[in-house]
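Below, in structure tokens: the form predicted on its own, a single chain.
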């Protein structure tokens, strides 16, 4: 255990309170490319300790930066958390108890951990060179980032956990001035990727920009259409908050308890999937990571829960408490998966929507949405006609009730889904 954490735990043992220590430390390197030129290289380090204490049914929280504070600073941290607990309006429902956590494979890569900053910088320069080689009339920008971090939880119920993970992020953005068109690509990984991934990013952004530049607005359309994974992620974002335990408890969800039928698909949150950026073996409270079936064959089976809202709803935590050392836990997703269905949609001919935006303006409880189409296309007799700037309008609950799920899964960041077939309306 880190010396400061051990000292803090010893101090807290003398207080008549329940307590939890959450600590983090790590570093990152990020590289920003503008107009095919590496414009900015940045290196950051972070570390700190967050402390929660439970006193007389109320919760106090405070934090300190760094992992080598003087003893008097640790004493002030304890006093501050205790003082806040005495005046807090935040209810305290205890901390998790020690349980066996899963071993999640592939979330740490020694190559990322040990890559010298100079070598990462060289890879970013190579990325910029790739952009110059592959550009036509596009202007290309993008980013490359690496990170390694360690987080740990220790509490008065015997939890003592620590985990290290790594991250690599790649993005590319292409702009065509005349006729106007834009394209983008983004992906994240837990291991160091070869140059081929950088090539894929540039080519993906360029291809989209060229489609966008030749796209026109589609005539109003109602009927069958297919959503690609990026568009599915945006539509599901409208729905997902209805499954957050805090939204359920406070009456801001469509659901009050499991059991409601909403369609014929299966939706899972799974933090134990190997080598994915949303994976972890335990959450920010020390609850084991797990596979949680949220919707099974169209029926709501569970909600996303941390320890507190699980206790409010008389349920079990699903291990979805996310946090930093500067914050108290909040409910969030790990890896969200729509499981494959039986439809073969890869060779679908008809209206296909690749990307939409504006999901933050939708009403998650009513389910009504109006999303701008960033890029779509109509496929007919093997020919592709792109379109953009239409609005995809509808109700997410009606959409989910009638949708059919494809067979072939694709990943975008921490969201995994096949294409889906819906009854939709474009205006």
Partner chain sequence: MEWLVKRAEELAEKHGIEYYEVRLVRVTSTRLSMSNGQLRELSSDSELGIGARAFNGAWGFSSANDRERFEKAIETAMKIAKLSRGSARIYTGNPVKDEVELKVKKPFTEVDVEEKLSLVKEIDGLLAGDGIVSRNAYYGDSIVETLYFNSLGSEIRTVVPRVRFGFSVTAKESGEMQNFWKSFGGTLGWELIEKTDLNFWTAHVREKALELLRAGSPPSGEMDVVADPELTGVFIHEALGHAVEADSVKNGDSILAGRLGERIAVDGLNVVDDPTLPGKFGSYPYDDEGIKAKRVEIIRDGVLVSYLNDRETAEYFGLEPNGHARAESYAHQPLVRMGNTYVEPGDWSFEEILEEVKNGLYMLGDKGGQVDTANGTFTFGAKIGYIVENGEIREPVRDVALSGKILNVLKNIRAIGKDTRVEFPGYCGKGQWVPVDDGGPHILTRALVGGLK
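This one's a predicted model, so the numbers in the text were calculated from it and none came from an experiment. Residue numbers count along the first chain shown, from 1.
Keep in mind the form predicted together with its partner chain is missing from the figure; the text below concerns it.
**Student:** Taking 4.5 angstroms as the cut-off for heavy atoms, does residue 173 touch its partner chain in the predicted bound form?
**Tutor:** Heavy-atom contact with its partner chain at 4.5 Å: present for residue 173.
**Student:** Spell out, yes or no, whether the shortest heavy atom distance between residue 43 and its partner chain in the predicted bound form is within 4.5 Å.
**Tutor:** So residue 43 counts as contacting its partner chain.
**Student:** Contact with its partner chain in the predicted bound form for residue 108, defined as at least one heavy atom pair within 4.5 Å: yes or no?
**Tutor:** Answer no; every heavy atom of residue 108 is more than 4.5 Å from its partner chain in the predicted bound form.
**Student:** Taking its partner chain as it sits in the predicted bound form, is residue 63 near enough to touch it, meaning that at least one heavy atom pair lies within 4.5 angstroms?
**Tutor:** Output for residue 63 is yes: heavy atoms within 4.5 Å of its partner chain.
**Student:** Is its partner chain in the predicted bound form close enough to 196, 310 and 407 that every residue in that trio has a heavy atom within 4.5 angstroms of it?
**Tutor:** No residue of the spot touches its partner chain in the predicted bound form.
**Student:** Using heavy atoms only and a 4.5 Å cut-off, determine which of 72, 346, 118, 219 is in contact with its partner chain in the predicted bound form.
**Tutor:** The residue from 72, 346, 118, 219 that makes the contact is 118.
**Student:** Taking 4.5 Å between heavy atoms as the contact cutoff, choose which of 152, 288, 181, 341 touches its partner chain in the predicted bound form.
**Tutor:** In short, 181.
**Student:** Within 4.5 Å of its partner chain in the predicted bound form, counting heavy atoms only, one of 267-275, 332-340, 353-361, 144-152 shows up; tell me which.
**Tutor:** Of the stretches listed, the one contacting the partner is 353-361.
**Student:** Under the 4.5 Å heavy atom criterion, name the residues of 84-107 that approach its partner chain in the predicted bound form, in sequence order.
**Tutor:** Counting only heavy atoms within 4.5 Å of its partner chain in the predicted bound form, the contacting residues of 84-107 are 84, 87, 88, 89, 90, 91.
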